[in-house]
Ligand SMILES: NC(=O)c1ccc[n+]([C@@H]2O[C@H](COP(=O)([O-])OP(=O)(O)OC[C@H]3O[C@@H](n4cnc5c(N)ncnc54)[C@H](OP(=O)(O)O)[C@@H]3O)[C@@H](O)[C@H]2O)c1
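Heads up, the chain below is alone and in the form predicted alone; it's given as structure tokens.
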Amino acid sequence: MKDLSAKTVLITGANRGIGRALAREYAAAGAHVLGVARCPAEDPSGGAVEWIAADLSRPDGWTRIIEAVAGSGRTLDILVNNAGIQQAIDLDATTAEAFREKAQAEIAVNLVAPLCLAQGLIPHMRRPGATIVNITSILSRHPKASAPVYCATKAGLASFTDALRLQLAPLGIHVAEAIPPLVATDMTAGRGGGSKLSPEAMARAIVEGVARGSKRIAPGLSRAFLMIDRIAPEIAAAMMAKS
């Protein structure tokens, strides 16, 4: 792996799943890792991680992250907006109050937090040469019935990623979209059988994709799905609807 000892990487949701695996990958390569989590874990990277405790569902959490980077005196090389939540919501069986609570939480963590962190951290990113990675989902292309708000947030984040890339290109800041297939994390427990990608494999794909300057990072089944979507979008939509 390339030596990244001169790099500073910020990863949201770094205490588990893909985020934890990413922290390990980048720390093993020598990068200075800033890990964001509501409840930081004990050294999930196998190396040194500087933790920022922040609740991404709240504006003061986003502010805390931005202020921590500004106060560190470090120039940020890579921002990975990884944190996300997915809730099964039956719109017909959910009260208005419960729906608003669930929807607000998902929209805040999955969409508004990445938007605000990207905007707020631009002044602290290396230019040229920095990279912002937004982790979306194959559900950003076609939704499934059981998670309507999650699908909407990931579709919004995918669109924002494309617009952000256009805005930041003149500054020399690269923007990438990572599109995982079903990954073996707490979020996907009980689904997918043995077809899930490991968090470590997804993390390696992101690290390698960033190093290559890829615009879209879609390993495993997500790459196959995107190919099907280009050729026969109606088949891709049906596949996701049944997932």
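One-based numbering along the sequence shown. Computed from a predicted structure; not experimentally measured.
Although not depicted, the form predicted together with this ligand is the subject of the following passage.
Peer 1: Would you check, heavy atoms only and a 4.5 Å threshold, whether residue 89 touches this ligand in the predicted bound form?
Peer 2: Answer no; every heavy atom of residue 89 is more than 4.5 Å from this ligand in the predicted bound form.
Peer 1: Is it the case that residue 10, even though its partner is missing from this view, gets within 4.5 Å of this ligand in the predicted bound form, heavy atoms only?
Peer 2: Flag for residue 10 set to no.
Peer 1: Using heavy atoms and a 4.5 Å limit, would one call residue 205 a contact residue for this ligand in the predicted bound form?
Peer 2: No.
Peer 1: Report yes if any heavy atom of residue 181 sits within 4.5 Å of a heavy atom of this ligand in the predicted bound form; otherwise report no.
Peer 2: Residue-level check for residue 181: yes, a contact with this ligand.
Peer 1: This ligand is absent from this chain, but in the predicted bound form, do 31, 66 and 131 each have a non-hydrogen atom within 4.5 Å of it?
Peer 2: No: none of 31, 66 and 131 comes within 4.5 Å of this ligand in the predicted bound form.
Peer 1: Residues in which of 66 to 74, 207 to 215, 23 to 31, 48 to 56 have heavy atoms within 4.5 Å of this ligand in the predicted bound form?
Peer 2: Result for this chain: 48 to 56.
Peer 1: Does anything in 149 to 164 come within 4.5 Å of this ligand in the predicted bound form by heavy atoms, and if so which residues, in order?
Peer 2: Contacts from 149 to 164: 150, 154.
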